[in-house]
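Only one chain is shown below, in structure tokens, and it's the form predicted alone.
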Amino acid sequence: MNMEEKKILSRRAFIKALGLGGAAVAAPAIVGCATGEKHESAEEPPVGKMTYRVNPNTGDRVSLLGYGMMRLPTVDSQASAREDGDAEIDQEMVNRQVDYAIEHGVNYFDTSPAYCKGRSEHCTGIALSRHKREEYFIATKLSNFNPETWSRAASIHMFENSLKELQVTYIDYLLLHAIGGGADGMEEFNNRYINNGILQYLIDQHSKGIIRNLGFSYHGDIAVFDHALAMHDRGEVHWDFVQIELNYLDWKHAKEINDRNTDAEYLYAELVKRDIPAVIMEPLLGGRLAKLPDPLAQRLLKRDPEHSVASWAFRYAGTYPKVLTVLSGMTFMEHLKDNLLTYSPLVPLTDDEMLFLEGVASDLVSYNTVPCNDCKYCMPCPYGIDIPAIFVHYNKCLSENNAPHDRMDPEYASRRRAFLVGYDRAVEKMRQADHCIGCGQCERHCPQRIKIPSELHKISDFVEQLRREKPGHAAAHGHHAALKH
């Protein structure tokens, strides 16, 4: 069986797992598994020191650290598990890490029918079912992105399948998944949840206790976020919690980086007005705030040499008092231990430390990277382009100041060669940016609302420019000019 046949079979299996049918190709494949870098720590987290927050709606005592089950460990820890998500999930390791998390006070586990190509709920259910039901809270989502799942029957089937896969009789925290997305955020919101009566169905399940907390996660069109909160204000629905993206870069700079996004400062303030607890996603921006450009990372380490760069971002998110829990996709035990150290217990940031991080965020914006979190919602590309890998390579070179941007730089030739060699190693030639035809399927699924085809074309033009140059003869145009966002 060749690789293409394997991809087709894998995709069919994912579609079958979601119960979507043949037209589900347009659904975002949220498939992250074993990705990210390990962060070693010699220190063992203490038991019994976890910081908790109380949900004012239910009295739930929720761990400030929430376990995101989006990127699960695989049997081959070196497997890239990119858009295909074919690497076998290491259930034994999932069990071990869940056990360790619960032992150290973590009790909130967040999954979705779409994570890891439909396998996350199943694996999460196996791991958690080995514990007493009262020891943990399960959060999952109605991930009915695709029009094939917009019917009432299909959406109800998805919800009921979540109960089955998770091996539970009720869901502690149920989210409408990623409202605001799509080409027309409001139209899609209505099609997914209003016109088919599914929101009312979920409200009914809430009243029966099958859903204990009802909320939504938000990405995209701010009009949909405001509309959902207006429904709350009018008494049409009571949101028990809302999941938003919050970190020290997005607090004031989300819109500056991409004018399609909304600053976390606004999102959080709107929830505080209504006394709605906030669940935080992307505290590390898909790992970007754990792998800062060297000068910024050194600034953090100099100020606090005893803790990781990532711990600053987790302390930042946890410092806000209306935050119920902060989600982290902890692929490796090292991730879990480092985050447990940060929240066992949390030492809130001081006002001076908050200002310090604002300075780091302002400088980070100047690096002008593509705001990709490597979440892989854009995958698979129908033309085989490895979109996240392209952006990861570009951002890495730019952040480490290794991109060939100044023809007067004496290191220009070596930087040029390193960029091109690294690009070919990171991304197969048939999957590089020059194969993008601009179909736009990826763009409507991007939580960061990146103009993906436009960015790919810029990178493709720049790569082509570098390849046309003869060694020792620099092009007239600089890197930043070619790729200015």
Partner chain sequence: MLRKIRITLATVMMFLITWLLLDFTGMTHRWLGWVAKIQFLPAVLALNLVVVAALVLLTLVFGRIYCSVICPLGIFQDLVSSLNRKKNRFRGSPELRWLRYGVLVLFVAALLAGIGSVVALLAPYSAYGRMVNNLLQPFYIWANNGLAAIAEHYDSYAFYSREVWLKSLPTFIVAVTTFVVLVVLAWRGGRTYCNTICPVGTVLGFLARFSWFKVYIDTEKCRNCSLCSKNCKASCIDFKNHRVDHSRCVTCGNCLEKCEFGALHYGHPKKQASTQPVDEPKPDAARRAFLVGGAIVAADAALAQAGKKVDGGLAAIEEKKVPHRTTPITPPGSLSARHMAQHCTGCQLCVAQCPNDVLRPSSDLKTLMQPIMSYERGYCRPECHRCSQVCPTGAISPIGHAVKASTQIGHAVWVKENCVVITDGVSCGNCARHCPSGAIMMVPVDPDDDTSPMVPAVDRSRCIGCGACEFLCPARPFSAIYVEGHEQHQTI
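Residue numbers count along the first chain shown, from 1. This one's a predicted model, so the numbers in the text were calculated from it and none came from an experiment.
Form predicted in complex with the partner chain: not shown, discussed below.
- Listed residues 197, 384, 359, 295 were compared with the partner chain in the predicted bound form; 384 is the one with a heavy atom within 4.5 Å.
- Proximity of residue 428 to the partner chain in the predicted bound form falls within the 4.5 Å heavy atom cutoff.
- Residue contact with the partner chain in the predicted bound form: residue 417 places a heavy atom within 4.5 Å of it.
- Taking non-hydrogen atoms only, residue 46 never approaches the partner chain to within 4.5 angstroms in the predicted bound form.
- Although the partner is absent here, residue 435 is a contact residue: one of its heavy atoms lies within 4.5 angstroms of the partner chain in the predicted bound form.
- Figure note: of the listed segments 162-170, 373-381, 266-274, 131-139, the one touching the partner chain in the predicted bound form, with heavy atoms no more than 4.5 Å away, is 373-381.
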